[in-house]
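There is one chain below, alone, in structure tokens, taken in the form predicted alone.
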Amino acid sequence: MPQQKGNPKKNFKIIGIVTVLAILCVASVGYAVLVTNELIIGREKVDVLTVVDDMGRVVKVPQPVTRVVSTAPSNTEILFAVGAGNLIVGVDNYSDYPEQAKNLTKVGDFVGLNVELIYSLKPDVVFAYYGQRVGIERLSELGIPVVTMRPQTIEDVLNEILLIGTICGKRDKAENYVNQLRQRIDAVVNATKDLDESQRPKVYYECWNSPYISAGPGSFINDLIRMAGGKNIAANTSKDYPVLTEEFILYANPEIIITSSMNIDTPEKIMQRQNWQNIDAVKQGKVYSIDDNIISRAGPRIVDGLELVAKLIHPEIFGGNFA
């Protein structure tokens, strides 16, 4: 399960000649900054792109990029979305979308990366996940550029798409794709932004059932529920994925329950739980299951997750019930 920090705003921009000191100053306030070793005029090609990644590391990526390794499913999905799927020579064990990703060389997972295998693939750049620190350090020691991702909001995901697209020479396609995603996000947000508190149903998202693990502040799911016009009963907890007591859930009396596809308990089992019969969501049959991969992966499909959650919470606005 991903660990996520607060909710800092991040941005991404191309600049001209910038000193390393300037890079670090900007990075210290949470910006992911792309710089070059020579002046960029417009979209002129350069020999090296220098990136401050989400771990605050300065990474130099030679251009053009022709061989890429992705060590997180979200990064893999972004690469395919911006038209760089043909550059991928290796992916993590859980990269299963799109279908082509299943047939690529597997290089490890969140727990451990096969550094020797990645090195043998001779990538120009590795797009990693921040939790893979040991592998990231070893690859960097071997001279392989590693750009580490740690998006925490939907806006962060859009910026990561632009960053990966630029590094892989797909900036134009990435911009067009982000514009399309932003239009879909805006459509949901604009439809729910004027709802008052009484029109926002209380939502309980159950990631796991033993113990009861939900999604709190700092998680994508919390953002999606809010943007979709709901009130997350775990929004005021202290963790991104808090453990809730049954008493807390019963007292909160959610009007909608959404469970993850990772959860052992199906909606039917949830509705049969002892003492849960008086919860409004159970009484009204508003207990649903949703594919965890589209709601927790920090990739382009997070927008699919937003639209599905919106349909669950406000079918009267977004056109029918979830199927």
Partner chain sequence: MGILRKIIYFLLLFLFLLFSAILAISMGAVQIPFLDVVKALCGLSDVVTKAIVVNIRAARVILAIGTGIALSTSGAVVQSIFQNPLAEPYILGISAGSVFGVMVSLLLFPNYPFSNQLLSFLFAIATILTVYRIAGVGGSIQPSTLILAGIAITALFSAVTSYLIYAYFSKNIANILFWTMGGFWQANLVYALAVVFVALACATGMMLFWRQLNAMALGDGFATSVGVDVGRTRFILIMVVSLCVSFAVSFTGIIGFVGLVVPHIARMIGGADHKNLLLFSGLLGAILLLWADTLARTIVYGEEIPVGIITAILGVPFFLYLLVRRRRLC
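Just so we're clear, the structure is a prediction, and the values are computed from it rather than from any experiment. Residue numbers count along the first chain shown, from 1.
The form predicted in complex with its partner chain is left out here; the points below concern that form.
**Student:** Does any part of N275 reach within 4.5 Å of its partner chain in the predicted complex? Heavy atoms only, please.
**Tutor:** Yes, N275 sits close enough to its partner chain in the predicted complex that at least one of its heavy atoms falls within 4.5 Å.
**Student:** Test of understanding: in the predicted complex, would N159 fall inside 4.5 Å of its partner chain by heavy atoms?
**Tutor:** No, N159 is distant from the partner.
**Student:** Please determine whether P242 contacts its partner chain in the predicted complex, using a 4.5 Å cut-off between heavy atoms.
**Tutor:** Within the cut-off, so yes.
**Student:** Although the partner isn't part of this model, could you tell me whether T166 comes within 4.5 Å of its partner chain in the predicted complex, counting any heavy atom of the residue?
**Tutor:** Residue-level check for T166: no, no contact with its partner chain.
**Student:** Which among 192 to 200, 135 to 143, 150 to 158, 109 to 117 is in contact with its partner chain in the predicted complex, heavy atoms within 4.5 angstroms?
**Tutor:** That would be stretch 109 to 117.
**Student:** Can you work out which of V48, M271, M262, V58 has a heavy atom no more than 4.5 Å from its partner chain in the predicted complex?
**Tutor:** Of V48, M271, M262, V58, the residue with a heavy atom within 4.5 Å of its partner chain in the predicted complex is M262.
**Student:** Just give me the single entry in I88, I213, A81, L181 that has a non-hydrogen atom within 4.5 angstroms of its partner chain in the predicted complex.
**Tutor:** So the residue touching its partner chain in the predicted complex, by this definition, is I213.
**Student:** From first to last in sequence, which residues of 113 to 134 have any non-hydrogen atom within 4.5 angstroms of its partner chain in the predicted complex?
**Tutor:** Heavy-atom contacts to its partner chain in the predicted complex: nothing from 113 to 134.
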